[in-house]
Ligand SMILES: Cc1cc2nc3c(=O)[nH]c(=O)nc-3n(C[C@H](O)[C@H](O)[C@H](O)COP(=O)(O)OP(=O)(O)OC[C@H]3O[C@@H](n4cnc5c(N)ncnc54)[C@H](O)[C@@H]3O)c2cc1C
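One chain follows as structure tokens, the form predicted on its own.
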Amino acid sequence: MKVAIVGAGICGSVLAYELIKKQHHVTVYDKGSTEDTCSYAAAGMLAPVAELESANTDVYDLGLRSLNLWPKILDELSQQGASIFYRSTGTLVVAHHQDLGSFQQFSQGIRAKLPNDHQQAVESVNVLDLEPELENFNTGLWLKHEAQVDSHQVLSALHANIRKNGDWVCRHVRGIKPHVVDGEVYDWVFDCRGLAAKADVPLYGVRGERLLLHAPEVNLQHMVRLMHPRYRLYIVPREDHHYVVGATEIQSADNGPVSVRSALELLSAAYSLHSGFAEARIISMHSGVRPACLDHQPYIHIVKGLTRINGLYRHGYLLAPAVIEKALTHPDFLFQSQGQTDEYSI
């Protein structure tokens, strides 16, 4: 089939990759550079259990499915020469003494939502057993099966694959209709534009900010979440003592540079976690505006000739493979083999 995908964030990129594997002729439309996308600013956390604090079990189930799908995608990309950092040692949740109430609330909340047969995925641990350098903490919560990918490396590898095996059109798309992008006719069109689709999808923007630090004095082997009454800090280890530090979630579509307040809060919280961050170097600061629906659920809407996928919120990397799998196995899509014309919202 001749397929168009509008938007090359993590959702559109994984979608293009999967359709190319199925031998379809794929054209990707994207208006900007990779660094302008919220997918580039993401930490790449595959954390379905931690997200249960604020998400429902549908997000959890999709996240578990993606956890199973990502290793296959990464293995295929590595066979094509890509080098992508991936680690599946889980997440360690900790709190300073004055914030133990937030820690207990978090623990009770996710355990209450976890299915009974999944309770073993969460374990109370001695923090020093997992991370000997976190000397200021005693009891922690280990979310055993969570993982991470390097978002920059993943996007780079996916985009390289698309450019090699499909068509890449760099321009702003003016109009999308079933089977049609800017007057060009396709067998099927996918709208993965994120916030740019808000005229067609009920969306609002959620701003996130994160820092990339190089901290040779820090040796963390797990993703770490630090509880706090006002925000949740995450620290995601990458290669060669690099760490992604983030926490902010601002109800705004402002895609401007990182604010002074956010930078100060993130850096002070990181230092409170591990004193080795005092001598860390700030490599980069990125912000991104994530598309969210009011219910914070992923949005899939299908009519004959057009699929809209959006609203992945802060769960882009966590949900993308599973949401795309769901969209591509929808009976009305299946590449028009049955010629159905009903509308569906999932």
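The first residue of the shown sequence is 1; numbering continues from there. Computed from a predicted model, the values in this text were never measured in an experiment.
Unshown form predicted together with the named molecule; subsequent notes refer to it.
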| item | value |
| --- | --- |
| Interface segment, criterion being heavy atoms within 4.5 Å of the named molecule in the predicted complex, picked from 298 to 306, 61 to 69, 275 to 283, 38 to 46 | 38 to 46 |
| Contact test, all of L52, R87 and R230, partner the named molecule in the predicted complex, heavy atom 4.5 Å | no |
| Sole residue of R163, R171, H97, R261 within 4.5 Å of the named molecule in the predicted complex, by heavy atom | R171 |
| Contact assignment for the named molecule in the predicted complex, among W142, W188, F106, Y234, heavy atom within 4.5 Å | Y234 |
| Any non-hydrogen atom of G205 within 4.5 angstroms of the named molecule in the predicted complex | no |
| 4.5 Å heavy atom contact, I73 to the named molecule in the predicted complex | no |
| In the predicted complex, P321 touching the named molecule (heavy atom, 4.5 Å) | no |
| A4, heavy atom within 4.5 angstroms of the named molecule in the predicted complex | no |
| Residues in 302 to 330 with any heavy atom within 4.5 Å of the named molecule in the predicted complex | L312, Y313, R314, H315, G316, Y317, L318 |
